[in-house]
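Quick heads-up: the structure tokens below are two forms of one chain, split into structure 1 and structure 2.
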Structure 1
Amino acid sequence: MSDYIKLDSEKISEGVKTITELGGHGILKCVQCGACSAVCPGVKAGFPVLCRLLIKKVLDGQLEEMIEESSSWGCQACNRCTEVCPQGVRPQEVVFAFRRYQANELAFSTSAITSQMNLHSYGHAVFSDARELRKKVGLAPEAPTSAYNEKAQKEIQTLLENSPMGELGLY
């Protein structure tokens, strides 16, 4: 078996078109420098197909082959990738476009279910209650996030329930 990828211009065009239409407008600006992946907490946590590698695979025409890739659900939306990108790619938008692609196809890894449930419940894919720790270090017990904002949680829940993800019956 060969380690080489056979590039297919139609698959590349279709993948770029799909991601662009779903909000990843900067994908063609990527020069694969890796600045995004170097600062990505998701990559550091073991989700390798985020930022640079996800973009590379789309640009290699592997969009369909990655449909069940769970790494995209490891993105914490911290936007560090966008801050450091010298080309203006906005990698987080590409990752979220890929998530939309997965959701529209109702195809995502079962490992993403917990993060989806957390997103629905708290507005964060990964959530831990840090109120006691925050108090110990002199901070307000509740950080100003959707986790402690009932109105924001309701808006997130409404969006999720009315998205293709809502059709999966997870919520």
Structure 2
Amino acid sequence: MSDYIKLDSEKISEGVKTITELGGHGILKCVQCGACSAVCPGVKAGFPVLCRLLIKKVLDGQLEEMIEESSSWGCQACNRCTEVCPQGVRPQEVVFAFRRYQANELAFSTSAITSQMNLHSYGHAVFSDARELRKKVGLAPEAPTSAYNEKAQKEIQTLLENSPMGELGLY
């Protein structure tokens, strides 16, 4: 028996609703023309399930089946897809809505963990103690950002902890 996809209207509705609510409002406008995938650096680099195919799989009701798919984390958020889409789908917003679905099920890339911790601790996803380096080039050793500002750190911690991200046990 062939291994074809059996469409399930409940799963399709659920998938579309999930992606729409997470920010992928344009998904139902997609006509599968593939303009997005044609200009996508992620697809070019070899991440297979991005743009057109990602949208197709959601529209086929395969959201849950894709939860471990890592392609979405290879998305550069460059928005070439959004620029060329003739239907106003804004495919990057669909890809990021799918990422949010994955992330909120804790199916995010392990590469994202350090940046989350850094954001919470210092207010910076990328952080290293650059005081010596900064002095060397004639700058004040402590950058005037949240990295050395307790009030600012407290503010970002409040925003993160009061958000849905605070419920995921990341901090």
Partner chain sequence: MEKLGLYLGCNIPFKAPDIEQSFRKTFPVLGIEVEDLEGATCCPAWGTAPSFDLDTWCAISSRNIILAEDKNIDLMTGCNSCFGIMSEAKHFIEDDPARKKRVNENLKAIDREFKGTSNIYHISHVLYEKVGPEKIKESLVYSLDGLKAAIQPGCHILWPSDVYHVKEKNSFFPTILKELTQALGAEVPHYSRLEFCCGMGGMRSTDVEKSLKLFTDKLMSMKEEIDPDMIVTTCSSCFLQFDMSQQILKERGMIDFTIPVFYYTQVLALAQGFDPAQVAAISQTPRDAVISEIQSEKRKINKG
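FYI, numbering is relative to structure 1, first residue = 1. Basically, rigid core = biggest C-alpha set you can superpose within 1.5 Å across the two forms. As the structure is a prediction and not an experimental result, all values here were calculated from the model.
Between the two copies of this chain, it is structure 2 that is the form predicted together with its partner chain. Core-superposed comparison between structures 1 and 2: the C-alpha position of D129 differs by no less than 2 Å. Superposed on the core, the two forms differ at N162: its CA moves 2 Å or more between structures 1 and 2. Core-superposed comparison between structures 1 and 2: CA of E142 displaced by 2 Å or more. Core superposition gives A152 a CA displacement of 12.4 Å between structures 1 and 2.
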